[in-house]
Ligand code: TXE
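In structure tokens, the next block holds one chain alone, the form predicted on its own.
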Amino acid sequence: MSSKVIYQNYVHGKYLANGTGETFEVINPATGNVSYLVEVATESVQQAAIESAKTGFAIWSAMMPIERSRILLKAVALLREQNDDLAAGEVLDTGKPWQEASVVDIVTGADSIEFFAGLAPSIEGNQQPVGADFYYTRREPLGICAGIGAWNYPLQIACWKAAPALACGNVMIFKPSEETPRGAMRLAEIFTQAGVPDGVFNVVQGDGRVGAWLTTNEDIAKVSFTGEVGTGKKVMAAAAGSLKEVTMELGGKSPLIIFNDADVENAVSAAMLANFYTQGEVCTNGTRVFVQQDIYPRFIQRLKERTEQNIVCGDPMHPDTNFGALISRDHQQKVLDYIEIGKKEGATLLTGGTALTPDNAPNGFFVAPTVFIDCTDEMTISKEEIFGPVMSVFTFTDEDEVIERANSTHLGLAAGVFTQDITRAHRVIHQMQAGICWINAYGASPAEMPVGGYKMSGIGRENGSETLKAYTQIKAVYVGMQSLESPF
């Protein structure tokens, strides 16, 4: 164990020892082996991170927005230059295929920083006459923001949270998932390389105890959390103690609705993308696939054929692999348990349903791409987020019926509609109780587009210009232009 690389916390532009040597292991999901060790953020590290952030905020918030923009754009260039190296790190941490990470994860993270760097100089207030006097408003940064990341898109999520926060003049203390801690550290290094002042982006490592410290610390003005609903509720409750602002990007059980006039091959592509990309570990995945009755036989036939013929499972670093390993052995078992529940409750297994042991990665945490048919809305697999490669397919007869069934969930993150009828497409999507919607597409999430959920799927948005409001506070300044009238 002593031969393993040990990473420390990243505070004030450098790595900082925690003083106790307490570490946790990070496992490669494709091999089951320990990749490296990471030091836990002890109390001394936590306090150092806060003091560093205060120092960084004084410098960063005083800079002209155009200066901040230039520095962030240097970070974007470095991310793009180091894309392949950074993507390889993400593959080793997450188990996702290289062919995904190399073209999506770092690219979309860099896109977000680039987008917000461009907006930074445009943040402005307004001015309004009030009789002979007037008032004006300023959009000012909040201060120290906490980011708490998830394990499925580690570096991308760190970018998505840092980008608007830093563009608006805030600083961030970021805690990645303890299962995928490397990406945020690499981002911190790149920010330092680009000229971001020390203390503007610190990374603290650990489990929920470190997250709990961030959510209760009174020096922190905002928490942005990505993760499951149950944890999100705890984070929000803790943040309420000091009236922190919160952004919550939580889970989903999203509907994908396919009408009779849809292009079947395109719809099958969408269903596979919406369930098997990143081996099903995507919060927006369209895991409830509603297919109108007339095209159901053809859809199911092609879905089975393509799932069994076109998916290549194995070593995620192999360029041909398009389906990787789940994040941990525990999570693999959780997904397999859901599959057993689906069978017991009467769903028919169309394909998959087992653990896999590919020749080039026999010890990885793999689950075969799985499709259930003959599903009912009341089944456990129809209601609970599985966060694995498990698709449930339903049939429907008419538009009103499918809208009601699609919305019959306490979650509301995403929804998709496939049809060639433009009026129906918009009519149906406007009735979806979901924050991220697609028509004849699925999963695309450009930096320009706000991301977030309805109902229990979250609060606030990430990406898009809307997010600037969530990382600034408005100051109103009244200016008297004449002598004050006073009764005293």
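None of these values were measured; they are calculated from a predicted model. Start at 1 with the first residue shown and count on from there.
Keep in mind that the form predicted together with the named molecule is not shown, yet the notes after this line are about it.
Visitor: Using the partner position in the predicted complex, report whether T287 sits within 4.5 Å of the named molecule, counting heavy atoms only.
Guide: Answer no; every heavy atom of T287 is more than 4.5 Å from the named molecule in the predicted complex.
Visitor: Give a yes/no on whether K175 approaches the named molecule to within 4.5 Å in the predicted complex, heavy atoms considered.
Guide: So K175 counts as contacting the named molecule.
Visitor: So in the predicted complex, does any heavy atom of E249 sit within 4.5 Å of the named molecule?
Guide: Flag for E249 set to yes.
Visitor: Consider T231 of the chain shown here, and say whether it contacts the named molecule in the predicted complex, taking contact as heavy atoms within 4.5 Å.
Guide: Flag for T231 set to yes.
Visitor: Determine which one of 98-106, 347-355, 269-277, 384-392 lies within 4.5 Å of the named molecule in the predicted complex, judging by heavy atom distances; exactly one does.
Guide: Within 4.5 Å of the partner lies stretch 384-392.
Visitor: If the cut-off is 4.5 angstroms on heavy atoms, which of these, G314, P255, G412, G206, is the one near the named molecule in the predicted complex?
Guide: When the named molecule is considered in the predicted complex, the option within 4.5 Å is G206.
Visitor: Of these, N152, T307, N170, Q292, which has a heavy atom no more than 4.5 Å from the named molecule in the predicted complex?
Guide: Selected option: N152.
Visitor: Within 4.5 Å of the named molecule in the predicted complex, which residues of 214-246 have a heavy atom? Give them in sequence order, or say none.
Guide: Sequence-ordered list: T215, F225, T226, G227, E228, T231, K234, V235.
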